[in-house]
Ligand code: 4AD
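One chain comes next, on its own, written out as structure tokens in the form predicted on its own.
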């Protein structure tokens, strides 16, 4: 296997023979020399290949165009240009695959909207290629953090008969012939005849199943796809996205917040260290100053405040908001950003939310009005992590489910965790695409996942 272009660019000039493989980004000609920028996707800026026209067949050089795949052999020489230390003086070029003029990625600036229409080719662009490298690095950092801190990786099911959020916005899974759906005598759909014998859906979260393993292995994390049938055609929503959800036994809200902060800062620092070239690109061309924002978040202590304290601060500036804050409201993105950017000027963790706006499994505080929930808010985005201490008491959990109209028979196995050796336990969720979007400064979440799934969009 030949060296990667990112490795070749770090080599010193010398007489040793070097082989570089990749796709042509640009080609320009002078009277005697052909200059080719060759990129294999391992770095932002490619390797400059210099071909002396006297040494190569003119038909070969004419066949090489933007998008073509080639193999170049030659020696590295010191580059006269300021953008690279070395360049490849080619002695042999092999054309592997031509790219005609119909190749959609010619040498010009393409809009991100256009690139979504050719999602199978867009990774070859600077922007989406950089996103892909950052996404890969962040995914590795996620596993690295948890593995280094005693967590076990658990794969939770994608098909489920329960709704972790109680939201009901789920994609149904069925093998029924939709033109001939079996019905009961009462005229209702007879799910007993479906593949699983009951109504099933694609999961919105692996949290509940994750808790079962946390109460056996102590600390676990999930990292996999989740699905929401939410009819939201915005820059912030996807129908299919990846979630990171750790669950920790013998852990209260205080421990949950500590782990969330350490985790977020770890993956940010790791990405800054291992994707320096790409982060500089994003900070210069995509979101000015995004690199400085990520550095700030990765190095700053997180401020803590309760929901009640946050509302009091927001009410002082209520005239600045489209949605007026009040105690009991669900804090909006404009409020979250104001708290992080204007009031705290740093990441902030808001805790103890009203129970009415949070999920059934969150532990009730002694005041009977709030739950031990927490949201991590960061500048420029707002909420990036949501979590809580889970309700460990069987009676209290059953009472909460009854209040929300949830059927105990649908969660019998979840309630068993409170019947048999219940312990304080906590966890949180981080939407991976939201985190990648934040780090890169990309404005549309559909540009940070290889193949976005959204309303009326399931191509490729």
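Keep in mind that this is a model prediction, so the values were computed, not measured. Residue numbers count along the first chain shown, from 1. The term rigid core refers to the maximal set of C-alpha atoms that superpose within 1.5 Å between the two forms.
FYI, the form predicted in complex with the named molecule isn't displayed, but the following is about it.
Here is the short version: of 337, 304, 199, 237, the single residue with a heavy atom within 4.5 Å of the named molecule in the predicted bound form is 237. Contact with the named molecule in the predicted bound form, defined as a heavy atom within 4.5 Å, holds for exactly one of 418, 400, 27, 434, namely 434.
Remark: none of the three candidate residues (264, 323 and 347) comes within 4.5 Å of the named molecule in the predicted bound form, counting heavy atoms only. Picking from 90-98, 304-312, 280-288, 382-390 the stretch near the named molecule in the predicted bound form, with a 4.5 Å limit on heavy atoms, gives 382-390.
Although the partner is absent from this view, residue 254 stays clear of the named molecule in the predicted bound form, with no non-hydrogen atom inside 4.5 angstroms. Within 4.5 Å of some heavy atom of the named molecule in the predicted bound form lies at least one heavy atom of residue 207. The closest non-hydrogen atom of residue 360 lies beyond 4.5 Å of the named molecule in the predicted bound form. Among heavy atoms of residue 372, none comes within 4.5 Å of the named molecule in the predicted bound form.
Interface residues of 223-255, taken as those with a heavy atom within 4.5 Å of the named molecule in the predicted bound form (partner not displayed): 228, 230, 236, 237, 238, 241, 243, 245, in sequence order.
Annotation for residue 336: C-alpha shift of 2 angstroms or more between this form and the one not shown, rigid core superposed.
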